[in-house]
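The chain that follows stands alone, in the form predicted on its own, written as structure tokens.
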């Protein structure tokens, strides 16, 4: 399959994003939800930040603490030579009975007239402000239904990883609606149309006792409450999707059904993109999928970075035969590539 990576890649790097605080540094700008609005392509990026620290023996950890109705950002410090703390994974500080993230994320807009050259807003669009977001906001997906844009994002705290909802009509004013799916759940998005009069959501609960990361589709009479959940896809027993699977871009409707570009990973976290076709009237029924990845890490900014060998999409823009996929690369930068719709459909095999 032909993949036209943009020559402008990476489109956004950490150096393009001003930190939200003078004492913070930006580690990554990646995993952006994407939409079109007022003639512009908008990327709502996850921006991961970390407190500046000049002492290599110290690890500084940011988190939001809430007391009553008041929330404030605090910085905790830990010595790297503490034998009771594991610092082997740069993303987390692991204690015997819990862990903390070494960064905290907010959501930031970047705008482009041509879909290639982006300008980053100077301040966050959405940032942590409640207990369920104590460790940050991550991996948004944007779905337009009528004149409202529904943003489903990962709300992370020591009480687990939830899925939360925010809405906007103008990408200036936002309303947060709180948690819509309880832990552990991630990679969620609304379908961009009501199906049988109901809202539909693609999500990924994670079974810890039986199963593992699994894709489900649920339905609800409003975008806050979902039931009638149906299993869609789980990881395989071997190969490119044997570590985990999860939603990617918001599904879009073709003449054959809903096309979903999803992500999958090996047990050693080699992330690729695949595609699946879902029934137009019953999207919990998978009709076909690609047996092999349609896109895998190959470019230097995909195989090297904060987390090597990662391509991870949260959004695509579809115009005729052109599918413009915007994706996080190596958990550090944003990139883009064009794929051909008919070639994706031809790569599908019956489920």
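Residue numbers count along the first chain shown, from 1. Bear in mind the structure is a predicted one, so any value in this text is a computation, not a measurement.
Below, we turn to the form predicted in complex with another copy of the chain, even though it does not appear here.
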(message) Counting only non-hydrogen atoms and a 4.5 Å threshold, tell me whether 97, 210 and 221 all contact another copy of the chain in the model of the complex.
(response) yes
(request) Name the stretch: of 104 to 112, 273 to 281, 168 to 176, 181 to 189, exactly one has residues whose heavy atoms fall within 4.5 Å of another copy of the chain in the model of the complex. (result) 181 to 189
(request) Could you check which residue among 122, 83, 227, 196 gets a heavy atom within 4.5 Å of another copy of the chain in the model of the complex? (result) 227
(request) Tell me, out of 245, 151, 156, 249, which residue has a non-hydrogen atom within 4.5 angstroms of another copy of the chain in the model of the complex. (result) 156
(request) Evaluate residue 231 for contact with another copy of the chain in the model of the complex, applying a 4.5 angstroms cut-off between non-hydrogen atoms, and reply yes or no. (result) yes
(message) Is it the case that residue 240, even though its partner is missing from this view, gets within 4.5 Å of another copy of the chain in the model of the complex, heavy atoms only?
(response) no
(request) Using a 4.5 Å heavy atom cut-off, state whether residue 263 contacts another copy of the chain in the model of the complex. (result) no
(message) Residue-level question: is residue 160 within 4.5 Å of another copy of the chain in the model of the complex, judged on heavy atoms?
(response) yes
